[in-house]
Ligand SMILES: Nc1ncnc2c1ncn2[C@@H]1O[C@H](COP(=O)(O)OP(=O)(O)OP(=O)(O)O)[C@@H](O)[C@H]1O
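Below you'll find only one chain, the form predicted on its own, shown as structure tokens.
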């Protein structure tokens, strides 16, 4: 592992589902302790991008490196063990399992010596979950379910956290509480790659941004640069 390598680097990723190509030569990079947002309209390829990084889809072409180590093509559970945490769109919780069950199951993918520390740290970030450890996930509110989905990913001890549109369907107050975890994650050494459809939310939370359109990266820059670029809203996000 190279000390100067990006936390995550994609080069020329081509991927899709069956015969359908969704990602067409995607390249991007994420530095250590950085928050980067991938912005794009619905169907632009954001979810496919994160699923490919997480190992749920295999790229047809291109490379993915985690701190300089190739991970493309590995099974999803090995990519998780390598340090990629994935919070999918729709949360994908087990409705009959309790909050505590979710944390315990995810913790099995982290080193045994780290599990108690990870649990304490995660519940400190989401204290509402600590009050609901015996409650079934299916009975939680939407905001609590999103917190649990993030907490589950954090229990795997990730170095890079992938978040797929965490604001979807949540009240603004809950969205703010979720986005306020990013500085805490940065302090803990976790880099964040966020997929978002909301231009305002995405740019407010990130250091840098990429714009994806029809499976291709069409613009990139600092959050401030893209916030002032009319092409982002007018052309690629339809606003």
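As the structure is a prediction and not an experimental result, all values here were calculated from the model. Numbering follows the first chain given and starts at 1.
The same protein has a further form, the form predicted together with this ligand, not shown here; the description that follows concerns it.
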item: Residue stretch of 177-185, 37-45, 202-210, 24-32 approaching this ligand in the predicted bound form, non-hydrogen atom distance within 4.5 Å; value: 37-45
item: The unique member of 144, 157, 165, 72 whose heavy atoms fall within 4.5 Å of this ligand in the predicted bound form; value: 165
item: Partner proximity in the predicted bound form: residue 197 to this ligand, non-hydrogen atom cutoff 4.5 Å; value: yes
